[in-house]
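Just one chain follows, in the form predicted alone, and it is written as C-alpha cells.
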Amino acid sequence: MHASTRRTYLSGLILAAALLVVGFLLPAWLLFTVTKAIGYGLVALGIITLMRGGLVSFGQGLVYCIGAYAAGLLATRIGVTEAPLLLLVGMVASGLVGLLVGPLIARYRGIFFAMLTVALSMVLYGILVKMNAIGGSDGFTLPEPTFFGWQPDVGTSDLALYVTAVIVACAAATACRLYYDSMAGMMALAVRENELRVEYLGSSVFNVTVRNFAIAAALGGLGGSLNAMALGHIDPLFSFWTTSGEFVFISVLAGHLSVGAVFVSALILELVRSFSNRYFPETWQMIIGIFLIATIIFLPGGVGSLFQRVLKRGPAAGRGESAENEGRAAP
C-alpha cells in the first residue's frame, strides 16, 4: 500500500475516533446540529466532486430528496427501520438515478448544466406535492430508527445516530480522498482545465462527467437518508431549489481543496443559521449572505485553502528551524 494511501486511511480512523469520543461530551441539541450538518456535508461533497470537473449542480435537492424518500418509504411501508440499511438504500436509489440522469446532461456545461439540474429537482418537487398517497405537500413522519436490532431510548437516540453519521461521513470522506488522488479523480481536474486536450489524450470527458455525477448523486442520497432519520420527517421541500442552494453555499464556502472542509463549512452554516435565527429571526438570511461574501473576499479558495496553508506552513516551518539550527552549529 502506498504511503499516501496509508496516511489517508490513518487520518480517517483518527478523525473518526476523535469525533466519536467528542460525541459523548456534546449536549443533545449540538448532537442533532452536527448530525444534520454531516448530512448536508455529504451532499455538498458530491458537489465538490462535480466542481473538480468544472461543473456545479444547483439541483442536488433532486438526489437528496430521492434518498430521503427511498429510506422513508422503506421504513413506513415495509417496516424496515435499521439505520445502516436505510442509509444504503438511500445511497443506492440516488446513485441509480444519477446513472440514469448523468448521460442525459453530461454534454452540457456552465449555466446550462446548472439550470438543467435545477429543472429536474423542481420537477420532482412538483410531482411529490401532488402525490397525496405519500403525504403530498405535508410529507410524512418516519419511525424511530434502530441500530442492528437495538432500539435506543429518547436520551440515547441522538447519540446513536450521531455515531452512525460520523462513521459514514469518515468512510465517505476517506473514499472520496482516495478517488480524488487516483488517476480517475485527477482526470477530472484535467477536464476542468482543458477538455479538448483530455480528448486528444484518449480519455472521455463524457465518461468522467457521468462518473462524477453518479458519485455526487450517491453522496446526495446518503445525506438525504441520514437527515430524514435525524429530522424524523420528510416533505417535498427536500427537493426545492432553496435546499439545493444551501448545498451550493456549503460547497463554495468549503472550496474543492479539502474534503474535511466540506463538513466544517456545513457545521458553520448550521451554527450561524441556528444562532442567527434565534437572535435575529428577521435577518438571519442576510447574516449568512454577509458571511459568505466575507469568505469569498478573504478566503477565495474556501475554508479548504486555509487548511492547505496550515499544512504547508507546518513542514516549511520545520525545515526552516532545522536549517537555522544547522547554520548555528556550523563552524
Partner chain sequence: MTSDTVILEARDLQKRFGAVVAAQDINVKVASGEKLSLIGANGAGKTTFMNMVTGYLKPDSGAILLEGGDVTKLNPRQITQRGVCRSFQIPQLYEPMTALENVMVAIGASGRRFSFFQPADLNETVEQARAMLKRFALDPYAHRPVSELPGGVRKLLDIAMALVRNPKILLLDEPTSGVSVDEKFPLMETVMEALAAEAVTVIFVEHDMDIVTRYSDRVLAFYQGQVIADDDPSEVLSDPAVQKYVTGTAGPATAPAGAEKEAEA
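Bear in mind the structure is a predicted one, so any value in this text is a computation, not a measurement. Residue numbers count along the first chain shown, from 1.
Below: the form predicted in complex with its partner chain, not depicted.
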Considering its partner chain in the predicted bound form, find the one stretch among 222-230, 137-145, 156-164, 172-180 with heavy atoms no farther than 4.5 Å from it.
172-180
I'd like to check something about L196: if you look in the predicted bound form, is any of its heavy atoms closer than or equal to 4.5 Å to a heavy atom of its partner chain?
yes
Does at least one non-hydrogen atom of V89 fall within 4.5 angstroms of its partner chain in the predicted bound form?
no
Any chance V210 has a heavy atom within 4.5 Å of its partner chain in the predicted bound form?
no
L100: heavy atom within 4.5 Å of its partner chain in the predicted bound form?
no
Quick one: W29, T33 and S305 and its partner chain in the predicted bound form, is every residue within 4.5 Å by at least one heavy atom?
no
Students should find that, of N132, Q151, S204, T242, the residue having a non-hydrogen atom no more than 4.5 angstroms from its partner chain in the predicted bound form is S204
Quick one: of V252, L73, L237, A190, which gets a non-hydrogen atom within 4.5 angstroms of its partner chain in the predicted bound form?
A190
